[in-house]
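Two forms of a single protein chain come next, each set out by itself as structure tokens; they are called structure 1 and structure 2.
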Structure 1
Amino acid sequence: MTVDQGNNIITLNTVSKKTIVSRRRLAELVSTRLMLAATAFVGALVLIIAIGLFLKARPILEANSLGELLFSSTWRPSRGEFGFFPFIMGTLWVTILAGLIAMPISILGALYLAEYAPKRISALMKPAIDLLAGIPPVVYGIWGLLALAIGGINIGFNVLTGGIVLAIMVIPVIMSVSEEVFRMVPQEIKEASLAIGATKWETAKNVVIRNSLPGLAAATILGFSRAFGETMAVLMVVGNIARVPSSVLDPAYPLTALIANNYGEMMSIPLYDSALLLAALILFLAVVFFNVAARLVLAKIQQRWA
């Protein structure tokens, strides 16, 4: 690190105003460099992870064709056959089902809290939602197991159970962001709508929701990307059978569960660890895609609204 040694460096025993100034300047300089380094590290981390995962996944990408890896359903690592299709479909089924359950509940609930609920209820629900967001995945997994899969409702280990557990995990995420977005809609335009005779729901639908669309899109994407990468809770209730599900009552085997169940153990089979890091790379790329798409969509919508 090069520190600017200007004219202010003065011999140790002459304590003057100038030394204090130079000490403050030095602190400013050093701290700025350190902060820049930390920021550059965080900025570069995505790239480091991308390169790391790609380098580890390269052997399998060289050994098998991409089409075969992505669209084959045969998963026989010991024979060098790595078809990720069942796992990709497992992830999609569970994530989409969770999104379909979570979205209406979160948005309607958020609308209720922002527009309809008495203050007492909003004040009570806020910590409840925060708490729900803070509950660890394993605890959700146990709940799914005891309340849905075996005990209670007894629907078994399948896409439906995984989807419900995931939905409840992402509801607090989507809901708290949506509520915030709804609360930002200015009072005046709501009053204008009510003044021309719209009912409360019509105002909510045509004014509040419509003005919040970009925010709701962001909230939903946030929720989806959370659901998409969830591992432990899903793994505990989804059945983990490597077959493409054909209904929500079939078991599934998401990519995350594939990595969690096998990485670190089956290292003796050639290409196995490379295959599992390819699974990680697929998840990573999907997250990058979600984020970039979200930015583009948001920018488009904001442009139209501005």
Structure 2
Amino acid sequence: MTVDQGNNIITLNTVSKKTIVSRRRLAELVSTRLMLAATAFVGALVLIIAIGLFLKARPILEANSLGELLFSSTWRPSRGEFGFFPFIMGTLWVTILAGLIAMPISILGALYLAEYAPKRISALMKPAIDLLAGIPPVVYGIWGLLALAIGGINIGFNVLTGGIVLAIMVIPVIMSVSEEVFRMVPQEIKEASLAIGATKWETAKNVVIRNSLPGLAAATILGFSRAFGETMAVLMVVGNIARVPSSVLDPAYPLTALIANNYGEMMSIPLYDSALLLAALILFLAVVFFNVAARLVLAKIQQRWA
């Protein structure tokens, strides 16, 4: 009897362990499937948005050739003339200027935090950078309006004002990613450079920055993607005049401002809403392209130093 009871206890323990293992495997399988479903849902959202915008923009694409829409400078919705060239050029002028201002500031600041700054200063600066990244765009727009456009410096409503405001907005993005890229460079390489007599700056310039160039490109692309799709801060300070700028002191009319200022109004004009949604589709595809390119570059960097 004692032996039988012992065998029964062993059998029950074995069954209990198998049950626990089965439940854990089931829980792991369910959680994995849920995460896969959530990821697929997010990816599907991107596709759904793109398809929805394309279907809404399809009428104007059928009425006009894509080349005419993209390269014509005539914007007369009442006559059925929808030339996006001034708005595309306005977007590019403001975005490129913002990048030229933001890139050196962001990269040098990130290099200081990663290689030179004491831990205490670095710990204080990171929350400040995150705070700047989280400020609503309309706040930047009001600041640019009061400090740059009509008060303070008073440089007017033009590409320069928009570029400065956008640069301040994208600096936290570029700086944050650039700092992480700098920190990915192995310490052994830096120590080897210092060991052969290189100074701290020579090591930073010839080793850290040189090995981080792909990552810096990815950080810049991410910053450009935010600048390219920004709306509120831009439309408040660039002047919103539909002509191609010839200098940074000329007003501009970016695509984002075109959509924000006009969607919901004048919808009685044929194809007007379709034209605005085509502008939204162009912006959407550009931002997706920038983000995908940046993520691919960052992934290659992580594989390189893994």
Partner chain sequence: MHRRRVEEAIFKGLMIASITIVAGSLLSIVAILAWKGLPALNIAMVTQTPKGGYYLGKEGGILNAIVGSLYLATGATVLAFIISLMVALFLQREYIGKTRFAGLVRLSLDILWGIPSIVYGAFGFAIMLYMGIRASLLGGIIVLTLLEIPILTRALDEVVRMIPKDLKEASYALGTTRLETSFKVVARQALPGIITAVLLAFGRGIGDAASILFTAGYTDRIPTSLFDPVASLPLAIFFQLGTPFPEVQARAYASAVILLVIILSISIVSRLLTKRLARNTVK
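Residue positions are counted from 1 along structure 1's sequence. Superpose the two forms; the largest set of C-alphas matching within 1.5 Å is the rigid core. The model shown is predicted, which means the values in this text are computed figures rather than measured ones.
Each structure shows the same chain on its own, and structure 2 is the form predicted on its own. Pro136 is not among the residues whose C-alpha shifts by 2 Å or more between the two structures once the rigid core is aligned; its shift stays under 2 Å. Remark: with the core as the superposition reference, the CA shift of Arg76 between the two structures stays below 2 Å. A movement of the C-alpha atom of Pro118 reaching 2 angstroms or beyond is seen between the two structures when the two forms are aligned on their rigid core.
Taking the core as reference, the C-alpha deviation of Ala40 between the two structures is 2.4 Å.
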